[in-house]
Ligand SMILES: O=C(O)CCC(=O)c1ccccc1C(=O)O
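In structure tokens, the next block holds one chain alone, the form predicted alone.
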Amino acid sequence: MIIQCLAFEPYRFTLTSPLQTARGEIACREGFVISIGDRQGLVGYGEATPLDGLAMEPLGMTRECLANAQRSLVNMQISSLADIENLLSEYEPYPAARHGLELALVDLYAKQQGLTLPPLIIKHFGGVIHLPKVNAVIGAIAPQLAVIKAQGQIQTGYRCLKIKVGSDDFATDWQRVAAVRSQVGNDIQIRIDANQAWTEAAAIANLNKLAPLDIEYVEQPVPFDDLAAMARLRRSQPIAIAADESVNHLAQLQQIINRQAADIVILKPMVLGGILTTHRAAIIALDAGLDVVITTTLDGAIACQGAMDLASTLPITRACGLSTLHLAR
């Protein structure tokens, strides 16, 4: 196929209620919807939505990258997924822009073959399509509000809850998790996300206090670049460790594997620069004996669907963070 045209439009959505995290409040998301057409009139769609604090380029740089692609990619020919990756090699330092361009090109390539994304991925990489489990998210809110939200999410059908922790007051964090656990019972999985908020000493103390609440795992309890501390945490307390902000590219993933710094890796296509790189990262992690969870960065509908399509092709069993669209309005 030959690229005929490339366009991108800005968009913005506000969350139904701000999501409170250890890094601060997330109240809205901004990005770009990308459309790429071929000479047969088919159009593929992508999304580039950078998020501060996750090793992505700022929004203005995303716009510059897409404007550059608008000039450089038109009339280029694509005959394979490898061609797409080669065409986008210059955008490696700009993962949100690269994600949006790649998703649009892969979507267009799939349509050219009369396929959707999951069967295209299976065709090229193998595997079996399945429906991934998903988790719901509860922010760092008051314990009584967390209980109300958890009960509503369980009534909707969720069986796994991710609760944000890492506030300045660990006693409130503990109360939030304990209150939810006491109300939802032991059949519901609870995982927690500290967003790098703790020191190693605080993480050991806090996780030992949380362990009796039957926590599935903790995401990124310490700063992303302290893999030695993460490795020690795996040995010094009973809750499984998940690397999130520590996994921004394949080299970092390999460091985590080499240093045995995590039990689980959280892979975000927007952070890693696309679903093809994320698929490669997932296979590397699974082959190394790590569990994998695919999540979004509170993206819009196009990126969320791309992440869901990817997760549906991977042999992963843990619930994924793919149910964030209901947070938008």
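If you're wondering where the values come from, they're calculated on a predicted model, not measured in any experiment. Residues carry their position along the shown sequence, with the first being 1.
Just so it is clear, the following notes concern the form predicted together with the ligand, a form of the same protein that is not shown.
Annotation: in the predicted complex, residues 137, 193 and 219 each come within 4.5 Å of the ligand through at least one heavy atom.
A heavy atom within 4.5 Å of the ligand in the predicted complex is found for one listed residue only; from 59, 298, 292, 261, this is 298. A single residue from the set 111, 149, 162, 181 has any heavy atom within 4.5 angstroms of the ligand in the predicted complex; that residue is 162.
Segments offered: 94-102, 80-88, 235-243, 162-170. Contacting the ligand in the predicted complex at heavy atom distances within 4.5 Å is 162-170. Put simply, residue 321 is close to the ligand in the predicted complex: some heavy atom of it is within 4.5 Å. Although the partner is absent here, residue 54 is a contact residue: one of its heavy atoms lies within 4.5 angstroms of the ligand in the predicted complex. At the 4.5 Å threshold, heavy atoms of residue 26 reach the ligand in the predicted complex. Contact residues in stretch 264-291 (any heavy atom within 4.5 Å of the ligand, taken in the predicted complex) are limited to 268.
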